[in-house]
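Starting off, we have a lone chain in the form predicted on its own, written out as structure tokens.
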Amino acid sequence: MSGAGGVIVIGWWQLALATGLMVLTGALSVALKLGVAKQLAIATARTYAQLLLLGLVLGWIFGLDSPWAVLGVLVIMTGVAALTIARRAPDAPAGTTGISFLAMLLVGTFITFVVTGLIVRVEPWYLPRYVIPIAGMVLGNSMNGIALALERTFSDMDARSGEILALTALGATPWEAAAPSIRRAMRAAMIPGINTLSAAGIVFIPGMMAGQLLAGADPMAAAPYQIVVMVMVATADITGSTLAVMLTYRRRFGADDIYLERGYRPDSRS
């Protein structure tokens, strides 16, 4: 059965059939004694609940046609992403949540509205059907990049704590002492994005292009959209990670520029 725009509608029984694939995955995990069957079940249930709820919420927001509703959704998405980053980078210093929120809000807002306003040229500027999905892709990739960069930065600094203490004792600035860890972390955070850019169109068909093709779009019309998305998310990943790390690393040092080892750090990351 086809819906609006020629999209084939997936009904409840098709969803149930798709769930059978996860049942198979769970059975394999049980057979191999991997201990993740419960997590798979919970994650699958959350996927159903969250995405169906998202469909209802987006339908409501699309009907409002309000810029304030769109901006409110973007702020909520950014806040949830910042909290997620704090959970994924448990060794990050105090202030990580707020800094992550600021970095994603600045980067996400800038990139989203550059794409929607200057490249796609949506009218009006807040058109939720474009702004919210694009912002979601920007924030999602920025979140993953920031979380990985922060986790790698501070775990590497802890591994080098003796070296960093020696460097600062000899007069090195916090930046000079932390720079090797930051560079390694940033390279690690950029690798997934570089691999995705390199393999797109050869190893896999990226999400937006695949979605447009399923909706019946001309492949040559879908390709430019996907190129914009790939460049957009790579930029969000790199700039968001860089901004978050540069605003955070100095918090691992005390007022006298001495590296704060475990036991001398504030516990809160809020």
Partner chain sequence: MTENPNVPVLCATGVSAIVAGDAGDFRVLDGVSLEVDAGEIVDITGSSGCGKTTLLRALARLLPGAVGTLSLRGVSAHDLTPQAWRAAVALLPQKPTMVAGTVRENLLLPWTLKVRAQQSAPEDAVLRAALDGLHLSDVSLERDTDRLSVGQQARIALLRILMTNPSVLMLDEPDANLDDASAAQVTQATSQFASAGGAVIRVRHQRTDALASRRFSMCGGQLTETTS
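Remember, it's a predicted structure, so these values are computed and weren't measured experimentally. Residue numbers count along the first chain shown, from 1.
Missing here is the form predicted together with its partner chain; even so, the following discussion is about that form.
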Next on the checklist: Looking at heavy atoms inside 4.5 Å, which stretch does its partner chain contact in the predicted complex, given the options 72-80, 116-124, 161-169, 92-100?
Outcome noted: 161-169
Checklist entry - Do Leu260 and its partner chain come within 4.5 Å of each other in the predicted complex, heavy atoms counted? => result yes
Item to check | Partner proximity in the predicted complex: Gly140 to its partner chain, non-hydrogen atom cutoff 4.5 Å | outcome: no
Checklist entry - Quick one: is Asn195 in contact with its partner chain in the predicted complex, heavy atoms, 4.5 Å cut-off? => result no
Checklist entry - Just to confirm, Pro133 within 4.5 Å of its partner chain in the predicted complex by heavy atoms? => result no
